[in-house]
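Only one chain is given next, in structure tokens, and it is the form predicted alone.
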């Protein structure tokens, strides 16, 4: 069953949210999702670029109330 882990990185600046995502990916199973909340605009670009580069899967990215919700699925 797919698990979803949430990382509340609001208030942290790049590369903080990405570093937290990388650390969390090491702890979850293939197919699990990680949702990163980030108030740093750079994360909305940096995280999808990194995910594509390392071949995980972008599930979605939404701008919420003053922050971005970025959902990534572990693919390998």
Partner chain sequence: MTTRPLCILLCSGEHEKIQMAAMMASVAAVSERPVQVLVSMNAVLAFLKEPPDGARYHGGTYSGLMLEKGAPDAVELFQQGKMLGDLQAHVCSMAMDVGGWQEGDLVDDLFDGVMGLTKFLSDAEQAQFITL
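Residue numbers count along the first chain shown, from 1. Bear in mind the structure is a predicted one, so any value in this text is a computation, not a measurement.
One more form of this protein exists, namely the form predicted in complex with its partner chain; it is left out here, but the text below deals with it.
Student: Could you tell me if residue 23 has a non-hydrogen atom within 4.5 Å of its partner chain in the predicted bound form?
Tutor: Taking the distances in the predicted bound form, the answer for residue 23 is yes, it comes within 4.5 Å of its partner chain.
Student: Just checking whether residue 59 would be counted as a contact of its partner chain in the predicted bound form - the rule being heavy atoms within 4.5 angstroms.
Tutor: Contact check for residue 59: no, nothing within 4.5 Å of its partner chain in the predicted bound form.
Student: Considering only heavy atoms, tell me if residue 64 and its partner chain come within 4.5 Å of each other in the predicted bound form.
Tutor: No - in the predicted bound form, heavy atoms of residue 64 and its partner chain never come within 4.5 Å of each other.
Student: Using a 4.5 Å cut-off on heavy atoms, what residues in 1-29 are near its partner chain in the predicted bound form?
Tutor: Stretch hits, in order: 13, 14, 15, 16, 18, 19, 22, 23, 26.
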